[in-house]
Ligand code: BMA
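Before any questions on how it binds or moves, here is one chain, the form predicted on its own, in structure tokens.
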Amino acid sequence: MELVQNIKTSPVITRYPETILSRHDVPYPSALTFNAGIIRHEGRYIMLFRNDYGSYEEQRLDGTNIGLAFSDDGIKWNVEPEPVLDGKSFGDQFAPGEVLRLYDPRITPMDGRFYVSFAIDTRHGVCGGFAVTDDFHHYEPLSIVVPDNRNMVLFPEKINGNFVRLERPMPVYSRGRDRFDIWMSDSPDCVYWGKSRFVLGVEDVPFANDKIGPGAPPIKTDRGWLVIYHAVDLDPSRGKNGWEPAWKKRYTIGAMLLDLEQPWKIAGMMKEPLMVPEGYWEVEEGMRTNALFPCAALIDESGKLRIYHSAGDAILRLATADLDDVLDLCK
């Protein structure tokens, strides 16, 4: 499929003009605050965010932990005084010393508990994993997969009695290069996973030529499961963008609908992106420019769709849309 050129953000999207969370809002060492899981629960908003600490000014990273924040309106946040989780506290449950860091949390409430997925760097590869919590301060690790698989998001209810996740394996060897696609697996207990199915390939997305993957946990609608995902196009002509000597990728945001009862089947999808990098923090500034990553999506108290997204792998921002407008685009 030929790559769609001159892509732009859909007119149904409204960007909130201010940053939702940055390193300046964190009361402990912080350089980058992004890729956060966010939910609305009992009238307030809860966030788990990736906190890379070091020095933004010196373009130096020393480590990663997970921070916790609360908000009444989902815009102004109060960050807890200390991080709540790191790789060591999670990894010691499986293999002491093996897990290097834990990052990119996603939150899914289910059956009165809060399930959290993570990307996990280990000494022997990149993994994904799940934990469960009742209070966001104490976590029970549930599972960790073998390399290479991550970007896991959990559906907000069981389907046919099982937990169901979207995931993005990284088969560099068998695909020959970055050609990462979206798959699905299910589990009776969020520990043992199987019945894996292919969902969507890079070649099926007209604005991607490198990789795609889950972003925010799915939202149940009367037309299907709404999935806000990330898509990447690679252009070798792109030069230095951000901290690295060269950054030739662009991360955009897409939307699709999955069948409610057979969620491995696509019920509709946008042929153009929902959002593309635009503006200072998405194009010019950040640890990586041209980077727009959806990490949480929810319906707020007014019925609007909120998409929380990272910009430049450095800060957290917010976009909104009428839910029906987005569903209408997923033909």
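What you see is a predicted model; the values in this text were computed from it and never measured. In case it trips you up, residue 1 is the first one in the sequence shown, and so on.
Note that the form predicted in complex with the ligand isn't included here; everything after this is about it.
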>> Which residue, Y45, F293, Y53, W281, is the contact with the ligand in the model of the complex, using a 4.5 Å heavy atom cutoff?
In response: F293
> Does the ligand get within 4.5 angstroms of any non-hydrogen atom of R288 in the model of the complex?
Replying inline: yes
> Is there any non-hydrogen atom of D186 lying within 4.5 Å of the ligand in the model of the complex?
Replying inline: no
>> Does any part of D104 reach within 4.5 Å of the ligand in the model of the complex? Heavy atoms only, please.
In response: yes
> Do N65 and the ligand come within 4.5 Å of each other in the model of the complex, heavy atoms counted?
Replying inline: no
>> Please identify, from 297-305, 34-42, 65-73, 259-267, the stretch that has a heavy atom within 4.5 Å of the ligand in the model of the complex.
In response: 34-42
